[in-house]
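Given as structure tokens, the chain that follows is alone and in the form predicted on its own.
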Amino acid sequence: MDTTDRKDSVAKIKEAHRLLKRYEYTPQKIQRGYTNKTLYINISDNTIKSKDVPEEIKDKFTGGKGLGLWYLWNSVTKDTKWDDPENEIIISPGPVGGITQYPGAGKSLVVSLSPTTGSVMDSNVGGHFGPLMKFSGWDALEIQGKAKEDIIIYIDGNKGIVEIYEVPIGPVNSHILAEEVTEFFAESEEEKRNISVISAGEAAEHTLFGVLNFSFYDRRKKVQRLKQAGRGGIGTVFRNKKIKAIAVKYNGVKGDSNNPADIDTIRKLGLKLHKEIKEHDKDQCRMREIGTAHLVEIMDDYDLLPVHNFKYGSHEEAYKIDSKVLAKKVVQGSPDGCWHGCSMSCAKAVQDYELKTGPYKGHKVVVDGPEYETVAGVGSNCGIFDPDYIIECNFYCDTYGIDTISFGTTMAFLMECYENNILNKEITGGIELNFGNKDAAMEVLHQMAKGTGFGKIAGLGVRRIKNLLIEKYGADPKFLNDIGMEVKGLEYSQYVSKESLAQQGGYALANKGPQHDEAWLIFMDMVNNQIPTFEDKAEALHYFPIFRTWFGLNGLCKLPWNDIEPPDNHLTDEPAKVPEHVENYVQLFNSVTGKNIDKEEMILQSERVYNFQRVFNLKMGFGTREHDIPPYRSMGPVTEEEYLSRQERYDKQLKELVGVNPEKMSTAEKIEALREYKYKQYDKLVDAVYKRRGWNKNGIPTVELMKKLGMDFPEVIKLIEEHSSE
């Protein structure tokens, strides 16, 4: 859409919009990272009010994801469904979020009940919304209820105004909507950089894995770019509530807007990391050049790049979509941080990409990414090695509001089903869903956006599609459960975990489902052999999910922790933890909040919230051992074709690990023998992890643990006691 068309569209929206409610407030001065206020909005009756954040809740939940879990816990019952009005969407940046001196401090954490899992979901996202919301006077935004017609919520942090508008006309898809909402509220061209918009496109209305897009204004490209809170379908909740957009405006971001206790130390820590990134990133992860897409060739080299629904870990055509190719597509030479001051600059974009399909065919657009997860998910996992298709699919997933991880994993599953005659053209409406068919993948994506054709089935996600194929078409449950790459209802992110028992646990034991942001242990386990015993693996599966949780409590990105390392990090006692950076974070937290925690207290902060989230799963009917079991495809070969592709490796495992001679066995017998061994190994791992975490044999945190952590709320203890006696 050109500038004239956009102005005309905005003018029509201004003419048609209707103010439903205005709330005036005095923005709270931030005190050491906290405003101590939450903005609560119920869009069923347009209630808007300010809620205090008690010291006890800050002490127990810290902020960010922690606050979100606490508010959601108190808003839903065990019977609440994702599309019930009492379900909430909570957004919080955490106390450290918003500082401009240290890279990666612009994250927001979003919490809601998930359409895909039925339980609590958290998702982290970059962009400017969280910090601008905090500077507008709010530690968290809590939204409940359902609107009757499409609405826009607007927060003006300078004027101290919150407004709800009914907006019956205008676009929904994010690449247009973010621009028009920005135009709607900006009083000058310069103000656009101080506005951030949350939106979810039309596919979020028709699928279960819709995303939220958080915008940040790119002054050089003069466009609102988008970052995604992608996992678990929170964008679907957003559109189900008939929220079209949420916008925040705050003019006047400064280096001390967080009013930290010790800004000099924050500056010193930031300068040290900026220097490290400048000097060493080019030789380490190349975030400033290509971002997370640098992983494509690394994963392919180590047989970890998902190909054909995680059957294989590498492919001879992977070079066509590796970082060398993608680096030529993205814009180089401009700052690409998604929050002020982030010299990591990993938020890459393709500019003036001319679309070849769909409703915007022929339009030239800016495409954020592609990230590694997108390249691997919609690309190699579907057997498609075309960089232009990946960019096009990336764009449409974003603007339609679709999680590229869930889309890629679901499409790969559907393609394998098609190639095994579980699906056919009669079911797909004539679409030939063979691996490698990029036109078919794009057609399904466009159908998802409209909620038509086979797109309605694809938009259900892997778990519900499995059930549909079993119940309606008589498919083999064992085979579908083996190849359906989901746990707890969440689709797998894009790493092949067959040769890493620790990563199998990292995926299947994760609180929200198989997402790598909780525990990524493949290199420690498979490549470097740093955690050889069950106890070693259990310790890693205790520490790293807990440590990574801490970023989500504070509004921090994980990438500056270990995607850039001090050059002497390998000489430390625990290089996987990057101890110097851990100490940086301890000092950073203390310098913002004025507290005096050490790295043990840092872990304790996370352990409280991590175990609370496990009990929250229990409240919603999950959170026990039976929900921590991975599909066998994540552990070993399901099909004979798969086994034979790595026969030397698997035969060796049968000899050395299982203790059988494969020479006289059929391939089917080999697969079953290996399967039995791998499940026994996994069970031993689970026992060790539960023991290390202080959980019982069924995966439930003990009463003693929750008391020790100070999380012994009456309802928490009652839940644990009820389930532990079963």
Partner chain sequence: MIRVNQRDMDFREGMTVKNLLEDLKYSFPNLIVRINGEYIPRESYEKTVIKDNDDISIIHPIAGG
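Positions refer to the first chain, counted from 1. It should be emphasised that the depicted structure is a prediction, and the values quoted were computed from it without experimental measurement.
One more form of this protein should be noted, the form predicted in complex with the partner chain, which is absent from this view; the next part is about it.
- Listed stretches are 119 to 127, 579 to 587, 540 to 548, 474 to 482; the contact stretch with the partner chain in the model of the complex is 540 to 548, by a heavy atom cutoff of 4.5 Å.
- Listed residues Ile298, Leu644, Leu468, Ile169 were compared with the partner chain in the model of the complex; Ile298 is the one with a heavy atom within 4.5 Å.
- Contact with the partner chain in the model of the complex, defined as a heavy atom within 4.5 Å, holds for exactly one of Lys512, Arg633, His516, Lys227, namely His516.
- A residue is said to contact a partner when one of its heavy atoms sits within 4.5 Å of a partner heavy atom; Asn528 meets this definition for the partner chain in the model of the complex.
- With a 4.5 Å cutoff on heavy atoms, Trp561 counts as touching the partner chain in the model of the complex.
- In the model of the complex, no heavy atom of Lys78 sits within 4.5 Å of the partner chain.
- Remark: Asn437 does not count among the residues lining the partner chain in the model of the complex, judged by a heavy atom distance of 4.5 Å or less.
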